[in-house]
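The chain below stands alone and is given in structure tokens; this is the form predicted on its own.
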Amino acid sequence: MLVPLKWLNEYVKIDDIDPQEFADRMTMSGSKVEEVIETGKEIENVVTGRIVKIEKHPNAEKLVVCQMDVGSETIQIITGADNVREGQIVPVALHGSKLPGGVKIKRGKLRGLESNGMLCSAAELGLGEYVPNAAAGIYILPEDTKVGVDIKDVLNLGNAVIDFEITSNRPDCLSMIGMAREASVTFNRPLSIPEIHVKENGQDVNDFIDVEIKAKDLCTRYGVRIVRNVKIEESPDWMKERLKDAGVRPINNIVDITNYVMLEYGQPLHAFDYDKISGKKIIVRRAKDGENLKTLDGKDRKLDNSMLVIADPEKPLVVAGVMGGEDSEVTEKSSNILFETANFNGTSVRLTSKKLGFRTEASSRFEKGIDPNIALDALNRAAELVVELKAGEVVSGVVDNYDNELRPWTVDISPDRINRFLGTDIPKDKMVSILESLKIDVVDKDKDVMKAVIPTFRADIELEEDIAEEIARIYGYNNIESTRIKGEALEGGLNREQKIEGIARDILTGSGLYETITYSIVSPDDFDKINIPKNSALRNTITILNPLGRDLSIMRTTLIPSMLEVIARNYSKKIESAGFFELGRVYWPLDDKISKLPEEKNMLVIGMYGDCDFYDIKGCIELLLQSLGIRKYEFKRESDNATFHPGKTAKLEVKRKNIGIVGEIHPDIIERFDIPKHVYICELDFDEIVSLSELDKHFKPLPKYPSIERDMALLVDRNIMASEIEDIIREKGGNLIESIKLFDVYEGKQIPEGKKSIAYSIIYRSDCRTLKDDEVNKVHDSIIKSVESNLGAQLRL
């Protein structure tokens, strides 16, 4: 919402306040400022000048030499513009002048002739948004413009405009009067909204038009006024200036009046050509299925029964609250017009706008909900402006259909409860003063529980908490002291889960991985992309009730598709090798969907591609587990997961509990995602990792007794896993085993087909005595025999 301060000053005197200070104070009172725009602020030393003489440049075919009268002197300027003529008055940037965008103008020579400045186009002055064909040439000013005058004075530049971000719960602030109320309260200055006086011609409006509302569920109020003997012409400069500053392009006096009132009151209006209304009757009804209407943008729109239209007995004239139709458009030939004001159902307007594929200033306001009690004021204000601009004669009276009038409502408020809620000690009298400055009347002031009477333009206030918020923002958040949480056993700092998450992030980033964050809402097609079976529990998802589209329609149950998308995106950007991780949540529906929220689980996914292999990602996992104090874990072969390569995948078990999977992605999936040949991914249950983590460190004293080391090389079947051999070593070696190190795995010419050689170094040590060779040999021989008998191994000599 662009708010010109010069216009706002008509309602609350703020012309003595610096624009930046105004913006800061308004932000602190709850009206968020996006930008402070000071038009013309960057323009310096640009004046109006008359072209006295034009000659062709002797050394350049496309340049002309202009002699310019700039008031105090006549100077020479060379230009390439082809729309300049002798006698015209144009903006002249003199030597040393500045233009928007940091452009500085200095005298110089063009093809051998001196040029003492530059003739300016509207675009070069920063006016391209408001001037048609701004880039077409030099900006030609009116013939009666004075020469030698600062261009900012001529074009009324230098006005400060504040761009406010208006939240959806405050549609009343989508108007100059709404923002004036906020400024009045913020700066404690009186609000002045001029009374409306309409000069009428004495004829009765009921003789000209009849209104019937058939769809009362979609239209709560509808009113009209008739204007006769209309003169379509340009609006006065003051109105065009205000519209431009507010970001609206002036068109003609009638259209400008509707836009002006919409900006002033926040109530959209529409003007019809009265003579094009058949039967002199307006009918507010639902559209008929298949009914067509050509809108003002020249497009044929196909309507249906869910849409509201303004029609005459023969045809639809307007898509209610969205856009007018060509058949009833006001043109230069119009002599009589009908002004419409209405209050339409916001949901209906939003859905209609979405179906038809376009959104307007009017529809965006109706969508948020407009106070129906401002409709008549806006209509009368438009009629007043018609008379003021001498644009026509206003017929006496208003047709106003408003059956169920919206009245102010009350909210019970307790100053004590509000102070406890805010953690403040604001006196009751101060609260009452704040509320009354917001046009919220307070009754029963002498009681502990008072009643706040809410004006109809504040539809966002329904509860005592809403009142507390209003009091807090006007009292000033900066005036509310910070207090610590009170209670027993409250201690600041990270909890155990947060500490473990921090350690995990440090370990994984230290391993060269980049952290990613992806959307929790995904597409059901992701399951097919990664070969998830139709009967898999992963397909039991939570569905979004009103999704933006199929691609964002369910809550994810696995992070793997998201990680593959990240890898595909980076690979498409010519990044040949990279590794990523994400700590994110998956969501599972519960049986009791009404009373309980979905089950949320924290998961960890790691993805690598390029210059890496299975052991790189396995190493990251092992480093993470060891850093979190998880020692007893196993990687077991997994060949029954369709997402992964059947021969290059393992599941991770800790204390015989499956906590995740790691492996190379299946070639079919690689092809679907158009990513490198070898991609490695692991997905782990991070909640289980947190529960299994042991952050306390336990230290043992250095050993007092020496160790004995024995090596063992075995010939085993290729499908025997190292973990199976290590389990036997630990079982038979008991407390004497200090460490087991696998130092060689070999398959080659000396090894029989289907076999492999695997070699270990075993360190034996006792905590209470010095071991003897015979004792160690006995245990070592027992290990060898057990491996031979249980796994069919042969000792290699």
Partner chain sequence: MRDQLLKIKKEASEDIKKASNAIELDNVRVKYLGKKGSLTAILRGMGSLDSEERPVIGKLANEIRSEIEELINEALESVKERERHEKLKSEIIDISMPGRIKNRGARHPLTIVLDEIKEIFTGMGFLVVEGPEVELDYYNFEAMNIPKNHPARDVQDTFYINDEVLLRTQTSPMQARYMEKNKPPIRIIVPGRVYRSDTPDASHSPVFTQIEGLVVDDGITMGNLKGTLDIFARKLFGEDTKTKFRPHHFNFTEPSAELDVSCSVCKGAGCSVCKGTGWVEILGCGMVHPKVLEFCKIDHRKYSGFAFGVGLERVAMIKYGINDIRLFYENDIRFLNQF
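Residue numbers count along the first chain shown, from 1. What we label the rigid core is the largest C-alpha set whose atoms superpose within 1.5 Å from one form to the other. In this text, all values refer to a predicted model and were calculated from it rather than measured experimentally.
Below, we refer to the form predicted in complex with the partner chain, which is not included among the displayed structures.
The closest non-hydrogen atom of Gly493 lies within 4.5 Å of the partner chain in the model of the complex. Using a 4.5 angstroms threshold between heavy atoms, Gly30 counts as touching the partner chain in the model of the complex. Under a 4.5 angstroms non-hydrogen atom cutoff, the partner chain in the model of the complex has Asn546 among its neighbouring residues. Not displayed here, the partner chain is approached by Ile480 to within 4.5 Å at the level of heavy atoms in the model of the complex. For the three marked residues, Ser168, Lys573 and Glu582, a heavy atom of each sits within 4.5 Å of the partner chain in the model of the complex.
With the partner omitted here, the residue from Asp425, Glu314, Glu515, Glu332 that has a non-hydrogen atom within 4.5 angstroms of the partner chain in the model of the complex is Glu515. In summary, among the residues Val147, Met721, Leu296, Leu552, the only one with a non-hydrogen atom within 4.5 Å of the partner chain in the model of the complex is Leu552.
From the list 684-692, 709-717, 456-464, 640-648, the contact stretch for the partner chain in the model of the complex under a 4.5 Å heavy atom rule is 456-464. Residue displacement note: Ser553 has its CA displaced by at least 2 Å between the shown form and the other one (rigid core superposed). With the core superposed, Glu582 shows a C-alpha displacement of at least 2 Å between the shown form and the other one. Asp446 shows a C-alpha shift below 2 Å between the shown form and the other one [criterion: core-superposed Cα displacement of 2 Å].
Between this form and the other one, the CA-CA gap for Lys355 and Val522 widens by 3 Å or more, being larger in the model of the complex.
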